[in-house]
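Two forms of the same protein chain are encoded below as structure tokens; each is given separately, as structure 1 and structure 2.
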Structure 1
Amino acid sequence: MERELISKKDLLDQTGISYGQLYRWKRKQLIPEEWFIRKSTFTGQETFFPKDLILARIDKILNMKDDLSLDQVAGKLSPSLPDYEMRKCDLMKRNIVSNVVLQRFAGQDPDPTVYAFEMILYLYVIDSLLQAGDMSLEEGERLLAAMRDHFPNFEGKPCELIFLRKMGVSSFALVSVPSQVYFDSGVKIVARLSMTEAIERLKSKLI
């Protein structure tokens, strides 16, 4: 599964930003280093970006930069997990995670139980896929185990969750960004979720 790329020239033309803005945002870590992909072309070496990720990121930066400093924007867009905790009962009161998910995945925990941001993120991602109708509760249990086992290995670096199914059997993969992942023809990509985007959305709800 090859991700669509956009050249630097086309990116600047399409978004209307300047070369200087692009690299200033890179220095400020608003745009991850990993998204700057050097490739050989018939004219020499050129820089490309994952198209969907970079266009969404630039749109967010442009929408936020008038109200926030670049450092504040960088904090909101960072894939690093904040040092943040919330009680189970507050997650329910604020509707951060649905009652169905809390009952299934945290039902035995008493209401005063405090969850770190990382666990809240796992529940939030599961809830998002369930709400979209893409996943069953049983698959959610397997996804929770996969995220607990593997997400910490990325240590704040951008990654994606790929949810796939073949002949009714589902699997999950966490992959670095950017990446090119290929599957055989019998595999259906059910969902491809940027964990960085999920972290940003959850931060906006919590902090």
Structure 2
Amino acid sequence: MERELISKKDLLDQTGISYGQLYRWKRKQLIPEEWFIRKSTFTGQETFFPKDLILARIDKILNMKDDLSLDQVAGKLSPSLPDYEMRKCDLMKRNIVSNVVLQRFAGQDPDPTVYAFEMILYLYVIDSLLQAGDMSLEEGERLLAAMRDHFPNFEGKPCELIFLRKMGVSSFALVSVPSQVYFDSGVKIVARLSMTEAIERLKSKLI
């Protein structure tokens, strides 16, 4: 699966930002190093970016920088997991994770149970896959186990979740980013989502 790329020049034209801004944001780590993809073209070396990621990110920075300083923006965007905890009943009340998911995966915990950010993230990811209609509840249970076992191994480095199915049998993979994965022809990739983005989305919902 190839990601759609955008060249640096097109990006600047489209978003109206300047080279200086782009490099300043890179220095502040608002734009991760992995997104700068160097490729040789007929005009020499050019830099490309994953189109969907970079456009969303620039949009976000431009929106936030009016009322926050760049360092504050950097804090909000950094992929590291915040020390954020929340009670189960608050998750339900604020509709961050749907009731169905909470009942199924955390039904035995009493309402005041406090979840760490990781756990909220897992539930959130499962919830979004379920709501998209890609995944069944049984598969959700396996996904939860897989994330619990392996997600901490990335230690905050960016990673992606790939959900694939072959002949009706599903499986999950967590891969580091950027990476290239190829499958045989029978495999259908049901969903591929960036955990980093999920973290960001969740963070903006929580904070």
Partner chain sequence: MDNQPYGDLNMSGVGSAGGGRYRRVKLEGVGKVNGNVSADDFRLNGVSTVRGSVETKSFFANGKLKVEGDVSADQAEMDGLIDVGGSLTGHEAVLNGYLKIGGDCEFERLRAAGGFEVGGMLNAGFVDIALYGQGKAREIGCESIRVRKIPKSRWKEALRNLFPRWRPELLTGTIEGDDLDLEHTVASAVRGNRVTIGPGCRIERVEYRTEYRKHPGAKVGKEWRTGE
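None of the values given here were measured: they were computed from a predicted structure. Under this definition, the rigid core comprises the largest set of C-alpha atoms superposing within 1.5 Å between the forms. Here, a residue number simply tells you its place in the sequence of structure 1, counted from 1.
Trainee: Just one question: which structure is the form predicted in complex with the partner chain?
Mentor: Number 2 is right.
Trainee: Quick check: residue 149 between structures 1 and 2 - does its CA shift reach 2 Å or more after fitting the rigid core?
Mentor: No; that C-alpha moves by less than 2 Å between structures 1 and 2.
Trainee: Quick one: once the rigid core is lined up, does residue 178 have its C-alpha move by 2 Å or more between structures 1 and 2?
Mentor: No, its C-alpha moves less than 2 Å.
Trainee: Please state whether residue 59 has a C-alpha shift of 2 Å or more between structures 1 and 2, with the rigid core used for the fit.
Mentor: Shift of 2 Å or more: yes.
Trainee: Supposing the core is put in the same place in both forms, how far has the CA of residue 37 shifted between structures 1 and 2, in Å?
Mentor: Comparing the two forms, residue 37 shifts 4.4 Å at C-alpha.
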